[in-house]
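Taking the form predicted on its own, here's one chain by itself in structure tokens.
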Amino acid sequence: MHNPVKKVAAIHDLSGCGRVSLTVAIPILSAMGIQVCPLPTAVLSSHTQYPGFTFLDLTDQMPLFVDHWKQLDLKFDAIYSGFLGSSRQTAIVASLIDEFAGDGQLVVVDPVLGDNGKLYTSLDGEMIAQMRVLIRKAVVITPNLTELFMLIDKPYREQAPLDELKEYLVMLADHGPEIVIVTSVPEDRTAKTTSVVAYEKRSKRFWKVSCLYFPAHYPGTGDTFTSVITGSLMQGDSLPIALDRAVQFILMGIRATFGYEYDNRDGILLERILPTLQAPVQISSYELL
């Protein structure tokens, strides 16, 4: 039976407090006209930057989801994975990709490992090792700068020359992904700019989108970015257009949130900006490196 809208399997955790993971992926992709079939990896009372969070590991439940989806003969237009609750889950996600992903199908892996040079508190070194294996099955990966260095097994550096960064992206692409997108790349602290840099293996082209840097941290912006990238590519956008849309959406969300006296741990005010995802594409800032 033909599905009238595109469908994505979204493999993420569910946090009861804070706009992260499934609580951003579902509304963003739905606003972009895509049906989301969530496969929760863990249920948390809040995301991990709140103290005292509870954590329910759903590793043993995930294969039951996958088996039932097989029985239902579900078909997906894309598979999109994010935060995994344990290193054992990487094999489950790999098996799901093998089962449901056909030739040329979009598979997006956001290798959620850490930020600001540090591994997230709920993860360990085994997760890094297993994530290096999982990204081989991806078409698109979206590490931040910290995760990039973890995946290539090099010490974290806050600044890396552009030519060196490009070598690292090619190194990751050589392990399997067709597209490598690295986020949170500091560009020029004096000019207060940051950038996203991407490598497209098939065309051997590098793309960059820059934006203003705001001195505030909002959890979930990585999940938000990759969700918009996934939705854009599923809608048929080119890679630079998808990058542009995702960066501008994040920037808009930060601008909408920044002026409030507000607990930043709750994330950007996503509800204020969701309707912009239905606006016509506006080309603004991507460049070919």
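Quick note: we count residues from 1 along the sequence shown, nothing fancier. Small disclaimer: the values here were computed from a predicted structure and weren't measured.
Heads up, the form predicted together with a small molecule isn't pictured, but that's what we're talking about next.
Colleague: Evaluate Phe83 for contact with the small molecule in the predicted bound form, applying a 4.5 angstroms cut-off between non-hydrogen atoms, and reply yes or no.
Modeller: So Phe83 counts as contacting the small molecule.
Colleague: I'd like to know whether Tyr156 contacts the small molecule in the predicted bound form, with contact meaning heavy atoms within 4.5 angstroms.
Modeller: Although the small molecule is absent here, Tyr156 would stay clear of it in the predicted bound form, with no heavy atoms inside 4.5 Å.
Colleague: Quick one: does Gln49 come within 4.5 Å of the small molecule in the predicted bound form, counting heavy atoms only?
Modeller: Contact with the small molecule, yes.
Colleague: Decide whether Val197 counts as a contact residue for the small molecule in the predicted bound form under a heavy atom distance cut-off of 4.5 Å.
Modeller: So Val197 does not count as contacting the small molecule.
Colleague: Tell me, which of Val66, Ile34, Leu44, Leu251 has a heavy atom within 4.5 angstroms of the small molecule in the predicted bound form?
Modeller: That would be Leu44.
Colleague: Would you mind picking out the stretch of 58 to 66, 252 to 260, 216 to 224, 234 to 242 that comes within 4.5 angstroms of the small molecule in the predicted bound form, counting non-hydrogen atoms?
Modeller: Looking at the partner contacts, the answer comes out as 216 to 224.
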